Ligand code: ADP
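What follows is a single chain, given as structure tokens, in the form predicted on its own.
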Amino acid sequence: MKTAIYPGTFDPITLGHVDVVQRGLKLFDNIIIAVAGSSKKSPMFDVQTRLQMVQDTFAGDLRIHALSFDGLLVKLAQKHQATAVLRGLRAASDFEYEFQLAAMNRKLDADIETVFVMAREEYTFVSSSFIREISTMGGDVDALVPEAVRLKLRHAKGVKTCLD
């Protein structure tokens, strides 16, 4: 059984993230979605809420597991016997940062590969930061996020969606 870890803050999870997971399932038997606590960012949602949105989004698919983590990604991969880190690329601007992360992870553990998948065209402009910004200004992001996120955004302070 080949397992990949898909790390991120997922604040919130988007349909672009869902697409990466679906593509990853063509290559791996299991995917662990690792929701980072992210002390460097100021997330809209706390880690438990983000984890719950991920779990709700993939409920019923036994090949997908979600957990929260802090610390080194390679240690998490080792703990769960993952053979790869799954990452999505939207545009060339993502590549340099992702390349640096992959190189550092390879330096820390040469047995864990990083696998990149390209985002579908309809998701190349979608990012969690755009979702947060647009939704806090009252914009409609419903077509860009899973149902679990729409419900949380609806109840977030100062956020409007077309569900309102």
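Keep in mind that this is a model prediction, so the values were computed, not measured. Start at 1 and count along the sequence shown; that's the residue number.
Absent from the display: the form predicted together with the ligand. The rest refers to it.
When contacts are judged by a 4.5 Å heavy atom cut-off, Val47 does not count as touching the ligand in the predicted bound form.
Not displayed here, the ligand is approached by Val126 to within 4.5 Å at the level of heavy atoms in the predicted bound form. Using a 4.5 Å cutoff between non-hydrogen atoms, Ala119 counts as a contact of the ligand in the predicted bound form.
Proximity of Arg63 to the ligand in the predicted bound form falls outside the 4.5 Å heavy atom cutoff.
Residues Phe10, Val20 and Asp94 are all found to lie within 4.5 Å of the ligand in the predicted bound form, as judged by heavy atom distances. With the partner omitted from this view, the residue of Glu98, Asp56, Glu113, Glu133 that lies near the ligand in the predicted bound form is Glu98 [heavy atom within 4.5 Å]. Residues of 62-94 placing a heavy atom within 4.5 Å of the ligand in the predicted bound form, in sequence order: Arg87, Gly88, Leu89, Arg90, Asp94.
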